[in-house]
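So this first bit is one chain, no partners, the form predicted alone, shown in structure tokens.
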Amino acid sequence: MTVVPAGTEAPSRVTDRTSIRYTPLPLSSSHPAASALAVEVHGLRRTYRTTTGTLRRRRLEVEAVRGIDLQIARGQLFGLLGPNGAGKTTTIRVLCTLLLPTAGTVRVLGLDVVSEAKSVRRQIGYVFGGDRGLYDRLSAYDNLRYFAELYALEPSLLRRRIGQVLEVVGLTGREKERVEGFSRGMRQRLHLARGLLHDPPVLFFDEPTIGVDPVGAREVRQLISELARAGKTILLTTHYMFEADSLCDRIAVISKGAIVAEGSPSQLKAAASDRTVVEVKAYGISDAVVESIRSLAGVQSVAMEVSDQAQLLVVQVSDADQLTGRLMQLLEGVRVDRIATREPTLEDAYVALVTAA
């Protein structure tokens, strides 16, 4: 695991706040006093047992998380990045007490997620992307009232709290409508409201902007930034690198169940600063050509994006001047529309990390 030490640079969170404001409510139960660490993960492993085969079924063990260590300070906005199947959601579900760890110790605000699961649940909020987790035939207000009662909010606070979180997420005036008529973005706002109901000090956001339109996604990011400024500890997973770059104080990259790098966004980008990114927009690049480029000395990583019929080849190289000519030789016979070089971004550093793991 590559660990980048914490730096002294100021966090680069989203600052284009316009209308969203979050004010914590005074609840009857106080949050527990704890150490400077909100989340402590040591040697976490999670193994699934499944079966494979059609005629001859055989048991198979899949290790989704392979001995990871994480420490998240109180009040920190921490990003967990990785490809699909890397172990992000599994890690969050263990932290939320929804899955038991196979091995290792996990604590949230000093509370063990296995032996003190009930106490942990009072201190966390879990917000995930998608359509699950809501009752379609109930109104938005009734959904929130149901979850507020599960959180054992005092009756004197319940109605006021629901009204406030509806205002925070921009659903005031729509609370009497059934959820089955809500758009994807409105459902995501309701997920956010549900996670904030009991004013938890620790929040887990699992791809909160997935499927949300650009305006709604910006508002979700603004709310996450505001929550962090209000002192909440936040663990965020996302596939959008610009989102992690603008929001997170610190980021860990997970690949194949293991942490491969950790640091601030600027530190992770600096780890790839000795490289140049060559972008080639072309038509008709074959897999054989891509493999030939990947085998060139000095090529750090190769990624291909396809949009309609156009292909965007993104090559990270250690010496662009020396390799560009060789690259064009390999692309002979391919229709090249554009070729350009640029400095690496967080996304480039991420691609290099996960492809090398």
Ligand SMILES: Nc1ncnc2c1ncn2[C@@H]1O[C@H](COP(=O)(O)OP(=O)(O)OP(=O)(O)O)[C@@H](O)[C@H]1O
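All figures in this text were calculated on a predicted structure; none of them were measured in a lab. For every residue, the number given is its place in the sequence shown, counted from 1.
Keep in mind that the form predicted in complex with this ligand is not shown, yet the notes after this line are about it.
- Under a 4.5 angstroms non-hydrogen atom cutoff, this ligand in the model of the complex has residue 64 among its neighbouring residues.
- Under a 4.5 angstroms non-hydrogen atom cutoff, this ligand in the model of the complex lacks residue 166 among its neighbouring residues.
- This ligand is not shown here, and in the model of the complex it never comes within 4.5 Å of any heavy atom of residue 219.
- Under a 4.5 angstroms non-hydrogen atom cutoff, this ligand in the model of the complex lacks residue 174 among its neighbouring residues.
- Partner proximity in the model of the complex, defined as non-hydrogen atoms within 4.5 angstroms of this ligand, places exactly one of 278 to 286, 185 to 193, 258 to 266, 84 to 92 at the interface: 84 to 92.
- The listed set 122, 145, 239, 74 contains one residue whose heavy atoms approach this ligand in the model of the complex to within 4.5 Å, identified as 239.
- Out of the listed residues 50, 329, 307, 318, 50 is the one that sits within 4.5 Å of this ligand in the model of the complex by at least one heavy atom.
- Residues of 269 to 308 are not found to place any heavy atom within 4.5 Å of this ligand in the model of the complex.
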